[in-house]
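This document starts with one chain, in the form predicted alone, laid out as structure tokens.
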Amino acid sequence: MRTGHETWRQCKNNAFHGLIILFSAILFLPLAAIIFHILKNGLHVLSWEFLTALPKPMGESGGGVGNAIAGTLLLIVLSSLIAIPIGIFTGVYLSENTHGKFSHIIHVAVDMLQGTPSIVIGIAAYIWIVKPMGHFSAFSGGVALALMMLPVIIKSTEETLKRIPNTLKEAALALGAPYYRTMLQIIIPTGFQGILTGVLLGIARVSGESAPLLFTAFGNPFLNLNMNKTVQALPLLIFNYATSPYEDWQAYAWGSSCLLLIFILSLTLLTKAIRPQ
């Protein structure tokens, strides 16, 4: 039989639990409204022609955003090729060297990079790459996005490897395996799920960024897969089309927003599915 004190504690617990559910629902409402509004205005625009065709001049019907989709994929591949190996090996180093002056400097640098506004990263990439090269390019856009991906991958890799029992590494070393083989063939594969989660989160993080691309990739009305030339991307297309006075372009902006939303939501759900428990 419950006492009055236990009943009062149970009531407080239920009330606090209800408040958590209430505030979680309130937090979810704006997100749900945004998703609903984008899907409502963008789903009817999606079609095979929209996904594959090139944009047509103003006044002509039809066309699509095939160049922007190809450019977005090119930028994601370029940024991933740069950020993934650097991020993973930096995360491995930080997980293995938790104390030390150099590790502390890297931690501070990663935290500062994570808090740097995306437009500042775009300006930095413009100064470092675009000005010396003398022209905008997909490569400079990939570097800018890679800088934004790095903190996510580094922190995810570091925290994942820290959760792996140290006895696993000690057992491999005791059996005579060299350190590099222990890390490459045992420790990193063991934490593969957590590392992959960080990679997918990093890709989702940069997929919708337009500010860095304004100073680097710049945009291109034609299909281009040359990383030394300008490319179009979905975030750039949305930025330009949404602010235009033409209804057709505004409709394409909604369709591109819907497509980008579906892509990012898919990556997020995939991340949740593979995240280690």
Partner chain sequence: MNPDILTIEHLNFWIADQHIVKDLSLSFPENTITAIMGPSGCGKTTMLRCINRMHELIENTRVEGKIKLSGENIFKLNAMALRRRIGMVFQRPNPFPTMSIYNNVLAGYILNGISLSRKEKDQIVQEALTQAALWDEVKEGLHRKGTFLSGGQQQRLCIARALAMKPKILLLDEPTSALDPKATAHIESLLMELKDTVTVIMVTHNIAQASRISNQTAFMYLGELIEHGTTERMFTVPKDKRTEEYLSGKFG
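Numbering follows the first chain given and starts at 1. A quick note: this is a predicted structure, and the numbers were derived from the prediction, not measured.
Note that the form predicted together with the partner chain isn't included here; everything after this is about it.
Asks: Counting only non-hydrogen atoms and a 4.5 Å threshold, tell me whether 171, 178 and 189 all contact the partner chain in the predicted complex.
Replies: Verified in the predicted complex; spot residues all in contact, yes.
Asks: Quick one: which of 121 to 129, 143 to 151, 163 to 171, 72 to 80 gets within 4.5 Å of the partner chain in the predicted complex, going by heavy atoms?
Replies: Stretch with heavy atoms near the partner: 163 to 171.
Asks: Does the partner chain get within 4.5 angstroms of any non-hydrogen atom of residue 185 in the predicted complex?
Replies: Close contact exists here: in the predicted complex, residue 185 approaches the partner chain to within 4.5 Å, heavy atoms only.
Asks: Going through 199 to 213, which residues have a heavy atom within 4.5 Å of the partner chain in the predicted complex? Please give them in sequence order.
Replies: Heavy-atom contacts within 4.5 Å come from no residue here.
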